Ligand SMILES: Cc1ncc(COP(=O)(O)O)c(C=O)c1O
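One chain comes next, on its own, written as structure tokens: the form predicted alone.
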């Protein structure tokens, strides 16, 4: 059942387990599994539940909202909010045993002034080693944060940074960031339980060369994608049925603004999926597949519908592969001149998710109903 609409994604949990093992074997480190943005479109609750069985050390989210959502669904694995948490909401993190990030001395001072029980909160310090987003940029500020933490008996559990260019084969920028990060480590008078720098590409390209960390933060690699070919397997596939078959005559126009005109007699299929489901309007001209046969998107992608040119023998019982073995998210991203992250995180919650485990159907979820 796909909750009334013949459009769905399949989430292969066996492939997720395979990818986790690849990351573990390559990095030889504990895994902080990044499941922000609804687990990159894969469904954060079901993915989190499965990752708990794989004994990842932490689940990483971008906001306190995402962390609370997981806790409300009985996820018990440690959770860290990698993004900025407003100091006035830290009591919520304390109540739900959620780890937060110290991004600056200013944040810490304000947090101490607003929270009498900040010592109950687990914290990781974020160091800005050159990306110039969130984080402490100077050794001086870092040492002041450590001093404040010591005076207030705070639980500083971890230290980390984020690498901007780990997808580059040339590691010049990465090496510069790691060198900067090492200076922060050397200046600290504290042994951190967790030190983590490597994102997906760094975990797979640096591997055992990352000697100053004991954990890697992996998002996109878990879901099957990396700049580096390490045997990862894409976890998500997308399919839909066919609403209607139409025959076109030469000169017939298709969809908004009449951007496609049939030259010959053609057959098209109307699909129950559109840009409200996360498929970019610029996919006109891209190929979906029916029984491994490429079928071109003709006319503008609509909010809820897409038309494709199909072989004459196509029926409404055929299944259309949108993302899968013939063209994965990276292939679609290249066509759209974007990245696989955007393709995956754009998957709408209104699309039903079918989870596969041990080679067979495990569970069907539609987030608007369940």
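Residue numbers count along the first chain shown, from 1. All figures in this text were calculated on a predicted structure; none of them were measured in a lab.
Note that the form predicted together with this ligand isn't included here; everything after this is about it.
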**Prompt:** Among 193-201, 178-186, 70-78, 150-158, which stretch has residues whose heavy atoms lie within 4.5 Å of this ligand in the predicted complex?
**Reply:** 193-201
**Message:** Only one of 240, 118, 93, 82 gets a heavy atom within 4.5 Å of this ligand in the predicted complex. Which one?
**Reply:** 82
**Prompt:** Looking at 224, 135, 219, 299, which is the one with a non-hydrogen atom within 4.5 Å of this ligand in the predicted complex?
**Reply:** 219
**Asked** Is the gap between residue 162 and this ligand in the predicted complex 4.5 Å or less for some heavy atom pair?
**Response** yes
**Request:** Answer for residue 309 alone: is it within 4.5 Å of this ligand in the predicted complex, judged on heavy atom distances?
**Result:** no
**Message:** With the partner left out here, check for me: in the predicted complex, does some heavy atom of residue 47 sit within 4.5 Å of this ligand?
**Reply:** no
**Prompt:** Going by a heavy atom distance of 4.5 Å, is residue 40 a contact of this ligand in the predicted complex?
**Reply:** yes
**Prompt:** From first to last in sequence, which residues of 308-346 have any non-hydrogen atom within 4.5 angstroms of this ligand in the predicted complex?
**Reply:** 341
